[in-house]
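Listed next as structure tokens is one chain, alone, in the form predicted alone.
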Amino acid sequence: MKWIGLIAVVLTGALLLSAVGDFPDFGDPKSPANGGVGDFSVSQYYITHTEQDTKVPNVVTAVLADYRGYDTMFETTVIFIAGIGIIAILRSHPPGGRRGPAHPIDATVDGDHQRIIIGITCRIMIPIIQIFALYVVAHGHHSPGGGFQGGVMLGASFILIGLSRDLQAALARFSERRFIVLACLGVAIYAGFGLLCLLLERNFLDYGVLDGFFHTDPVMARSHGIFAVEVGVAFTVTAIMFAIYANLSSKGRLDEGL
């Protein structure tokens, strides 16, 4: 098995190194990203044409989910694979399917400050964090935000439940089955919109062809398509963040956590 891994690494490295020669020189003002050939400039095109092409004022969101949507889809897939890999390595089941006994809650005066102050503070803050996370996802077109940022915040809100109470309280709201399904659903949403474009005889992730699906013009269809795949990104990031925490904090047993 070690030889197979070594061969795979060497072949992959050789393939990547073979493409280095096609890169522009470092700092080359004539590279496509900087000045390009003649009057063509990739960055200048993004700055001047984004809203005209996509009806999205936020250039960053448009670049991530539209102009380079392939790259972002595979970034989401990498996050998904990382989470599933950690689950596959760490996840374990106690004999008989029973979890060990949980530590009793400290109801004494010494433990009261943690139960009341931290617990109540987190109960107040967690809904606010989740609402703001949804706002970040929904308004990623017009302000800083998007699926990655909103997904991290949503995932962190469930982690905060586990930290302020215990892992079982967090799993009661976001169970193992739910976060695995949600992670898969996020990737499926992203890839699904790309496949839908192919079925309509256009390029993968060419959202303009979805004007009939969204009942709008092709330009607004690109805007709606960007939002749809950002929702898919948020689903996957939320689920994988919490899945990683749940498995690492409990050594894969999903019992007590930290």
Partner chain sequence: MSEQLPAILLVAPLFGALLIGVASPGDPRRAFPIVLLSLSISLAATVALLTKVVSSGPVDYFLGGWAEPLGIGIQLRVDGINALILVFIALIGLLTAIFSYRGPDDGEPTDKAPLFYILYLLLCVGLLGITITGDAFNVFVLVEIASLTSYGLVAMGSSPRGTLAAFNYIIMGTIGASFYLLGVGYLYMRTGALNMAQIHSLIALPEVAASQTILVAFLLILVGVWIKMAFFPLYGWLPNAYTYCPSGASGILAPLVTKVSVYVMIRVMLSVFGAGWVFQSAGWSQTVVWLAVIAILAGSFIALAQVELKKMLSYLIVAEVGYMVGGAWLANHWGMVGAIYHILADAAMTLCLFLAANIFVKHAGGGRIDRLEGLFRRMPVVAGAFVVGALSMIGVPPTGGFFSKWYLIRGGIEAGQWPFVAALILSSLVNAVLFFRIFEVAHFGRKPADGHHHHPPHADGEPSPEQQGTIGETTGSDRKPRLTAVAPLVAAAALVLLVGIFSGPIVEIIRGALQGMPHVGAAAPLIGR
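Being a predicted model, the structure only gives us computed values, none of them experimental. In this text, the rigid core denotes the largest set of C-alpha atoms whose superposition between the two forms falls within 1.5 Å. Numbering follows the first chain given and starts at 1.
Just so you know, the form predicted together with the partner chain exists too; it's not on screen, but the next bit is about it.
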Contact flag, residue 205 vs the partner chain in the predicted bound form, heavy atom cut 4.5 Å:
yes
Please determine whether residue 73 contacts the partner chain in the predicted bound form, using a 4.5 Å cut-off between heavy atoms.
yes
Any chance residue 77 has a heavy atom within 4.5 Å of the partner chain in the predicted bound form?
yes
Just checking whether residue 195 would be counted as a contact of the partner chain in the predicted bound form - the rule being heavy atoms within 4.5 angstroms.
yes
Within 158-197, the residues having any heavy atom within 4.5 Å of the partner chain in the predicted bound form are 177, 180, 181, 184, 187, 188, 191, 192, 195
Determine, after fitting the two forms on their core, whether residue 248 shows a C-alpha shift of 2 Å or more between this form and the one not shown.
no
Please say whether the CA atoms of residue 184 and residue 12 come closer or move farther apart in the predicted bound form, knowing the change relative to this form is 3 Å or more.
farther
